[in-house]
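The chain below stands alone and is given in structure tokens; this is the form predicted on its own.
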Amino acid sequence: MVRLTINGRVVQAEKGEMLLVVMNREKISVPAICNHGAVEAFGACRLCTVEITKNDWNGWKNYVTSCLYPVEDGLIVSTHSETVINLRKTLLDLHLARHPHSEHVRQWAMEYGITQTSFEEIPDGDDCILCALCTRICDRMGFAAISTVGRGHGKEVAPPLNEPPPDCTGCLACAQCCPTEFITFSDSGTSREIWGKQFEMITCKECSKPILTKDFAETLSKTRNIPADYFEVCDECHRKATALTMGKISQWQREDTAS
């Protein structure tokens, strides 16, 4: 076990754990908009930066991204020192300049007292903060249908050649993890569109509610060994059927006991 001090409180952690993991477990809040439990840490947003020092560092301090920095015995961490706050303000100021129309970015900036950027604003800036959550989770799902392309101000998330991605299954993992809701999709009846690609939906044979795309269901059947007929019924109807079955079993047990 490792012992360290965070904001004046001594905590214990497992060797090799990252600071952000420990802080989350201890209910110590820092902004970390590019962090998600489904994928490994990436350090794109830098907002989880904290101040570290040790008693034998003779007053020297360092500033590290907590999602990528492993705990150390005797480490002294400050999550909201004046320097750390100013670093976050600068980062959010830059985000606000690049994404002036993003309600999410504006809200994050306002939490640190920034209502207007001090940098040159990009008038046509979109809501993509290049956190790479979408590309990382797409890779983790095994599809790699989208990626970051370009450099500088032209860097963006896109499918190959900006064409409908052949490897996309319409699972929506990218859209659901996007912290700014930049990735959009549309569901209409038994059809879904995302990244310019159209998908046919499977509907529940019990309640007729759309469940997931046929492409995603086929992929799950092949890669996760899930029977294809499992996707004929939605989760809610599965739960109802399970509840009815358990109710019948309970009734049979009561009848057996009574007899």
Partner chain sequence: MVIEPRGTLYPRVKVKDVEKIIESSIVNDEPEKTLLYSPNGNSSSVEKYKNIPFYAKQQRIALRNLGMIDQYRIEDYIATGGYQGLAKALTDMTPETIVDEVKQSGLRGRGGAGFSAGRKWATCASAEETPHYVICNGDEGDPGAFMDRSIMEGDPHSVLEGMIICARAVNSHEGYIYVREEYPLAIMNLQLAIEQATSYGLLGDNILGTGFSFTLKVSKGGGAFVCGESSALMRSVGGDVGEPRAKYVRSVLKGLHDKPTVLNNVESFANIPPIIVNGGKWFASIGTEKSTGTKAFSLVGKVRNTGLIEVPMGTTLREIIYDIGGGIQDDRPFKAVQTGGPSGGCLPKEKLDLPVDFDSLTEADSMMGSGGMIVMDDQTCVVDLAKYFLKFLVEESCGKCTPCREGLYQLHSLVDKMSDGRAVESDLVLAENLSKSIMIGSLCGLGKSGPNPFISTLKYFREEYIAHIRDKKCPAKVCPSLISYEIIEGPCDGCMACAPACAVKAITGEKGKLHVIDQNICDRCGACKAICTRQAIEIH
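Numbering follows the first chain given and starts at 1. Note that the coordinates shown come from a computational prediction; the quantities given were computed from them, not determined experimentally.
What comes next is about the form predicted in complex with the partner chain, which does not appear here.
Looking at Leu91, Ala158, Ile76, Ala175, which has any heavy atom no more than 4.5 Å from the partner chain in the model of the complex? Comparing distances to the partner chain in the model of the complex, the residue within 4.5 Å is Leu91.
Arg46, Thr83 and Leu87 all contacting the partner chain in the model of the complex, non-hydrogen atom within 4.5 Å: Every residue of the spot touches the partner chain in the model of the complex.
Looking at 100 to 108, 185 to 193, 166 to 174, 114 to 122, which lies within 4.5 angstroms of the partner chain in the model of the complex, counting heavy atoms? That would be stretch 114 to 122.
Evaluate Pro70 for contact with the partner chain in the model of the complex, applying a 4.5 angstroms cut-off between non-hydrogen atoms, and reply yes or no. Heavy-atom contact with the partner chain at 4.5 Å: present for Pro70.
Ile129 near the partner chain in the model of the complex, any heavy atom under 4.5 Å? Although the partner chain is absent here, Ile129 would touch it in the model of the complex, with heavy atoms inside 4.5 Å.
Even though the partner isn't displayed, in the model of the complex is Phe231 close enough to the partner chain, meaning a heavy atom within 4.5 Å? Looking in the model of the complex, residue contacts with the partner chain do not include Phe231, since no heavy atom lies within 4.5 Å.
Taking heavy atoms and a 4.5 Å cut-off, does Thr180 contact the partner chain in the model of the complex? No, Thr180 stays farther than 4.5 Å from the partner chain in the model of the complex.
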